[in-house]
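Given as structure tokens, the chain that follows is alone and in the form predicted alone.
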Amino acid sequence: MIVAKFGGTSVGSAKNIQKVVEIISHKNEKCIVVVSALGGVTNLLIKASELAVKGDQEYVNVLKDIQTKHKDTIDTLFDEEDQENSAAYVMAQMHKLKDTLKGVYLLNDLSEKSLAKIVSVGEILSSYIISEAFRVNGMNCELFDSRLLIKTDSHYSKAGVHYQKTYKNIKDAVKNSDKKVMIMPGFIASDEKNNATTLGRGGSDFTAAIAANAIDAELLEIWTDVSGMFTANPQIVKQAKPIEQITYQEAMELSHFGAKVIYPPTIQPAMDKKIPILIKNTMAPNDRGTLIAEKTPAGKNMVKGISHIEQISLLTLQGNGMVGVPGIAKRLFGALSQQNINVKFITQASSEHSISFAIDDEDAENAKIAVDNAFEYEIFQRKINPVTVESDLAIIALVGDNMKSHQGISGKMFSSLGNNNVNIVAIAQGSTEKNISAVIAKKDAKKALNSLHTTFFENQLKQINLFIVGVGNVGSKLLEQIKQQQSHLLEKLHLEMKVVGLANSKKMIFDEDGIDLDNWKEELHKSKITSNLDEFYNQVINLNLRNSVFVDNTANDVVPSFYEKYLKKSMAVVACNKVASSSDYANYNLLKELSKEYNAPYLFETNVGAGLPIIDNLKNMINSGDEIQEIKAVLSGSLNFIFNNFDAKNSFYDVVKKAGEEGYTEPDPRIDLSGVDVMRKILILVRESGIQMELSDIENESFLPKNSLNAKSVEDFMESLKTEANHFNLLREGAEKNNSKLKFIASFNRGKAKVKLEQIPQEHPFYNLDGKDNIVLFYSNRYADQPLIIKGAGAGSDVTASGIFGDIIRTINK
């Protein structure tokens, strides 16, 4: 024989009840079917009770809703003759229910005894309707009344079962029945005086487990609306997947910590007789589901699942007066027991100076009062402090039998949480090592679950959530490259890259599931959210996503002021914007230190040489113990492009204009032509070499005439290039006369740095530097005679975007 239990959603509609009938009709063996109330009915019964005891006649309308729900189900399931019989039964039960609630209404009193009688009606009605559905479909069935079979004490709302008598009643009832299918309402029972009692939360599951134990069932099936127990809550972790097999102990741990598919009391009766439990999906009966048994095959995953509970408060009792004093814990938990407060988590310092325990938020106030009263004398003597309460917390737990004695599990857990800025308030691990629990802020629960699931279950599939400011030439190319490479990243790097936030100077958009990169321009254009850097930051923090990366594609002076905030939230910062890294050394150093302190990468490879690996190679040299002696470089792709194309046929104005149109210069070309941009770049290289320097320390021999240097706007500057054409022509002609080319050179030597326009002779390695290329020569202790040379395209939106793309990918290895 088997026992099959169907929950509220499984019998929540006539359509679903037909599925139940079909599932049971295919069973070849005798079967006990345990059913819950129709979906939502128990909550309606509780609501009606609460309204009635308050003297609110609205309870009558709730009763009408309950009656209508059952009538609609009957009308859909049955033909006219069968409708009449079933409707008559429902009406009879509803009349009894109305009488009970009227008494509650008149007396303004709702005892646990009355509430148990009221809520039991849901299962009484559903079991009758479902038994009739079996009958009209030609199935040989019998309806048992669980109140006559399951006997309990008189704790009406969460009654304790008298197992010996209950098992005998069920065994005798099954033995005396000649029917193939025996239907039992779940959740309900009765005490020795035959007063209705209930089995508490998950009571229908418990009923099924009791029945399975009583008849020595071959299998206990729990039919619900999901395809088994999942590695994490699938509503929070979209990558969560069903667990094929799990042990009783693992299932109990997971269910205790919030996995609502099965409740802890259900497992014990089945475990006592080693009866396997199979969790199945009524809506997808062909799915494999989860098998719970005594043993499971060894697998590669030490962790079977991740679970969590929210609405948790952590209370702490501490004080020097606790150290070495016997009985402190007994008094503490005795005080909580007297208030019927369930403790979900306990941890104690080895010094015995403090004990922390987690309970439901709703019990926190009563718990504090009870414990403070219990230690009133010690608190008065200042030997123990009053209980402190931290609320809005959650407990997150790793569960797995094979975690025992397996090194590195807790390390991976806490590293994953730490890398995503999830602060751990308290930690507990039982001596069985089957569970590692941590108390964290409730707001971090989603991020914690997703990061842990990635760490332990997703075959190293990683996710990056991008928040991008700036969608001009570089930003647009970056989005294009991300879209183009998404499949490649998944296939080759096991990396899912999502753009979650996007902003330009006018508007911004957010989508936690990822912005559609086919239509981002339209979405940004249609957005009604005005762009604001503070609000952008607030949205990023409120979303609180794991592996978040802030990307600055602008040349804006204000955006870098937010880097510090993002880094302090353990968010990586990727920037092509050079302002931060070339700002005051104190600020540059602060960002570097914050990056280390919060394990949040601060990457700016594109600050120098666009997509060229200049900074990366320089870091490798320094980290390996080399020391930079001299740097010679052409660091402005835009200036190199300009002077390579400036000839007798093309005026200086025309070439600068073309460079801007092709995206080689900054939006304000004065930054490039004044030498400030190159100054910033050489400054960054000097700093990355380990040398402290300020921008003001760099000598700048500008080649621009005063008229251009003093221009107050971009328009005035461009106009000055026309009026000062003769100045630029003289520079060009002077170089041509000496068989040289003009190159804007940045150099560092013996602690001094400068930038200037120079005539480069034919034999110099810079002479043949074409187009928009950059070149850097590093002279060091190891590269003393022949420098390390890095050369290639150093400007352009494509190469800059690819450099940013590379930095983004590097963040995942933090």
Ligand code: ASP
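Take the two forms, find the largest set of C-alpha atoms that superpose within 1.5 Å, and that set is the rigid core. Everything numeric in this text was worked out from a predicted model, so none of it was measured. Each residue number is its position in the shown sequence, starting from 1.
The next section is about a form of this same protein that is not shown, the form predicted together with aspartic acid (ASP).
Undergrad: Consider the chain as shown here, without its partner, and state which of G202, G475, G675, P269 has a heavy atom within 4.5 Å of aspartic acid (ASP) in the model of the complex.
TA: That would be G202.
Undergrad: Y664 versus aspartic acid (ASP), in the model of the complex: is there a non-hydrogen atom within 4.5 Å?
TA: Although aspartic acid (ASP) is absent here, Y664 would stay clear of it in the model of the complex, with no heavy atoms inside 4.5 Å.
Undergrad: Would T42 count as a contact of aspartic acid (ASP) in the model of the complex, using a 4.5 angstroms cut-off between non-hydrogen atoms?
TA: Answer yes; at least one heavy atom of T42 falls within 4.5 Å of aspartic acid (ASP) in the model of the complex.
Undergrad: Is E253 close enough to touch aspartic acid (ASP) in the model of the complex, meaning at least one heavy atom pair within 4.5 Å?
TA: Judged by the heavy-atom cut-off of 4.5 Å, E253 is well away from aspartic acid (ASP) in the model of the complex.
Undergrad: So in the model of the complex, does any heavy atom of F187 sit within 4.5 Å of aspartic acid (ASP)?
TA: Contact check for F187: yes, within 4.5 Å of aspartic acid (ASP) in the model of the complex.
Undergrad: In the model of the complex, which of the stretches 704-712, 621-629, 203-211, 727-735 has residues with heavy atoms within 4.5 Å of aspartic acid (ASP)?
TA: Every other range fails; the passing one is 203-211.
Undergrad: For a quick check, can you give me the residues of 31-51 that have a heavy atom within 4.5 Å of aspartic acid (ASP) in the model of the complex?
TA: Those in contact are S36, A37, T42.
Undergrad: By the 2 angstroms cut-off, has the C-alpha of G637 moved between the shown form and the other one once the rigid core is superposed?
TA: False for G637: its C-alpha shift is below 2 Å.
Undergrad: Does R732 move its CA by 2 angstroms or more between the shown form and the other one when the core is aligned?
TA: Not so; R732 is displaced by less than 2 Å.
Undergrad: Align both forms on the core first, then report whether S126 has a C-alpha shift of 2 Å or more between the shown form and the other one.
TA: Yes, the C-alpha moves 2 Å or more.
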